[in-house]
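Take a look at this single chain in structure tokens; it is the form predicted alone.
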Amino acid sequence: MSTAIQPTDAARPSEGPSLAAEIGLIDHHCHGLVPQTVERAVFETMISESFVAAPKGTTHFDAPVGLSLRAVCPPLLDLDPFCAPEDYMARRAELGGPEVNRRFLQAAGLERMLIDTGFRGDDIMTPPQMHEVSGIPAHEVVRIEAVAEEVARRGTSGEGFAAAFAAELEARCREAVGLKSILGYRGGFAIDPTPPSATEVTEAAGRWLARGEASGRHRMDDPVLLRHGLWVGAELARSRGLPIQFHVGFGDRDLRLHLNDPTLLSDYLQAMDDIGVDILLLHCYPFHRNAGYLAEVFPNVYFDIGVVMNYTGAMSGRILEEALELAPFTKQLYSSDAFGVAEFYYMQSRLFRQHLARILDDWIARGHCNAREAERIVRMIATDNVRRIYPSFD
């Protein structure tokens, strides 16, 4: 099966839009897949950011994401588009998890994957396993807060936390291509942008570790330690030439959306620009226009619209249009944020390609672009910007 999504002849007025359908994509933010067959109840929770079952008598297939999935994914499982969810899940089970993963990953037309390993790492495939299934290179992105939690679970003291965390983060990043923070999930972006003092870190670590021991859960949510993690990560990023990713906006109920406006990070973004660290804003919906503004005014800020294209399905083209309104084309990236189920890798690739081709066709028809410039825009967003801001993949 071809990995390219071929447009109709009517959609081929120029080379640039055609390239959008054919070019290999670098997915700069994604996750591993569940290796085994997934039962329907689990599958439905994995295609909803609620991570719970739909209300009684309903299904997550009756949402924009479910409709989009039923429109584009069944043919890859040898089914007709819009087949019944029961038939889709039965065929998925018949083929088995490994074969389903292989089909969708290989059909996505990816050139490379940069994989965040910090979420439910015991349940999903590692970067080497993802490479084995897909046949394309897979690199690790290290989640800052997850490393701090690992250090706490292994056991340390308030006085020893800072040194243990710094050493572990450095060790984990030896082969990594980037860092990631989920500050947005752990209190939001309205933070003091300066690094805390050593005394503040020791005292905060002591309180946090004691709470974790009492509850049996070390969740990195202390404001002082979150700031400390960002600055330790920043120093490591500066020395290694690594960018730092930030989850922004759309996500599960664990975050408070109004505190995920990335403009709240402006002072921290300026501090990172001062020391030469690139910041990558992930997903961003409904703040994707704010992210585009930040990418315009800060030379070190980049962004994508990520998995929200899957969740908005038929309406996702409007979001991509809004992302392209203001920000330089040199500051925009491609990602899927696919997690657990392989359909999200394929759906995101297909939606992104189709909508980008349509948008560029419209620009060309209205005299705002030509085929040569459209091709340059496609290459920048699909691969070139990632290659420029991440360390060498060779």
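Quantities reported herein were computed from a predicted structural model and do not represent experimental measurements. A residue's number is simply how far along the shown sequence it sits, counting from 1.
Below: the form predicted together with another copy of the chain, not depicted.
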| query | finding |
| --- | --- |
| Contact flag, Leu67 vs another copy of the chain in the predicted complex, heavy atom cut 4.5 Å | yes |
| In the predicted complex, Arg387 touching another copy of the chain (heavy atom, 4.5 Å) | no |
| Partner proximity in the predicted complex: Arg379 to another copy of the chain, non-hydrogen atom cutoff 4.5 Å | no |
| Any non-hydrogen atom of Ala167 within 4.5 angstroms of another copy of the chain in the predicted complex | no |
| Candidate from Ser157, Gln129, Ser266, Thr194 lying within 4.5 Å of another copy of the chain in the predicted complex - any heavy atom | Ser266 |
| Residue (of Cys30, Ile26, Ala357, Leu351) lying close to another copy of the chain in the predicted complex, criterion heavy atoms within 4.5 Å | Leu351 |
| Stretch in contact in the predicted complex with another copy of the chain, which is absent here, among 312-320, 168-176, 145-153, 216-224 (heavy atoms within 4.5 Å) | 312-320 |
| Residues within 4.5 Å of another copy of the chain in the predicted complex, restricted to 228-264 and counted by heavy atom | Phe250, Gly251, Asp252, Arg253, Leu255, Arg256, Leu257, His258, Asp261, Thr263, Leu264 |
